[in-house]
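Take a look at this single chain, the form predicted on its own, given in structure tokens.
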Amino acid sequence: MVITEQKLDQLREILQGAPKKIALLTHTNPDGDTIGAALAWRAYLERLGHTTLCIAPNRYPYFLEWMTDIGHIGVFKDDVDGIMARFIAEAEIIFCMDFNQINRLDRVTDTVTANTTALRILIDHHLHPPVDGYVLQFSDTHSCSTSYIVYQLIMALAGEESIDQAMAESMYVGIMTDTGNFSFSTLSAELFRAVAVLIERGVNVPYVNSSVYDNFSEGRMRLLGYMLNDKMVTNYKYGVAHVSLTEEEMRRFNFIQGDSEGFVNYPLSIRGIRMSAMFIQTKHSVRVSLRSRGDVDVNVFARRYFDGGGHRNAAGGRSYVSMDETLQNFHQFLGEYFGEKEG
């Protein structure tokens, strides 16, 4: 259990007293979990009287724009006046929400590391949390999402009555999206009891579900069809499928941030496929997303070959060579990885 009375007492001691300036950071390419966790935790901290700012390194997906509290997320990439950079520099406490490696912040990393006096606190569920660098860690690698950890924290500190509709909505979005709409990850009776509480606190499940999953652009739908028809490659020897998209291909379909969300999961619905990989070209690298089922550990694969990591069945990383070379390397890596397993 990561939320012990000792840790709660430490957290209470840190948060008590005079109001503090607190930065809440999300990871790059923010998803529903990092956004939901940050927004719900921000609301709790604000009620304690603290001054907060939620900061995402780059833009969050457009299908989260409907969220009640989304206006509290600042995008560091758009910080032309340096307001967010100054806030981080002056912050007395920095919460890292849904990531445990500072390099997941990309453009924000240097600004965070320059503040050597702020107390850093981790709230996260990814594997391999760091040994040091944080005064306090709420890290549960078995949790379905960081938003669920935030829910447990708020319940332990303030109880169910402290959760308003916007907070409940934020946590529900994080839990829902990180479990694939409750279809994978760590699903437990305790989780569904928590979901029942969030519904009682005001979550409109059909509205939230439709707002996230039925709110995409036409370009995304056409891009998905193109990707599956023209770009999907299967390798039944290893039970692997992969897809790739170049910058030119994405421009052709008027790509906007969030359009590729969930694409990597589609090949896993093919009988005989147990691992899916997606490669997306960006300005400086190729972003790698990996999903699997069963005993195929894509966290190990991502850490070994793509300087990344994540969870057993969901991980990611980056490649710093061309798309063609990345795909060539990937085929070689498959032989090494599955050859070891077979051996």
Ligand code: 5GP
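Given the structure is predicted, the values throughout are model-derived calculations rather than measurements. The first residue of the sequence shown is number 1, and the count goes up from there.
Although not depicted, the form predicted in complex with the named molecule is the subject of the following passage.
- Shown alone here, residue 100 lies within 4.5 Å of the named molecule in the predicted bound form, counting heavy atoms only.
- Although the partner is absent here, residue 296 is not a contact residue: none of its heavy atoms lies within 4.5 angstroms of the named molecule in the predicted bound form.
- For residue 291, a non-hydrogen atom is located within 4.5 Å of the named molecule in the predicted bound form, even though that partner is not displayed.
- A residue is said to contact a partner when one of its heavy atoms sits within 4.5 Å of a partner heavy atom; residue 242 fails this definition for the named molecule in the predicted bound form, lying far away.
- From the list 62 to 70, 36 to 44, 49 to 57, 307 to 315, the contact stretch for the named molecule in the predicted bound form under a 4.5 Å heavy atom rule is 307 to 315.
- For the options 201, 220, 120, 104, the one in contact with the named molecule in the predicted bound form, meaning a heavy atom within 4.5 Å, is 104.
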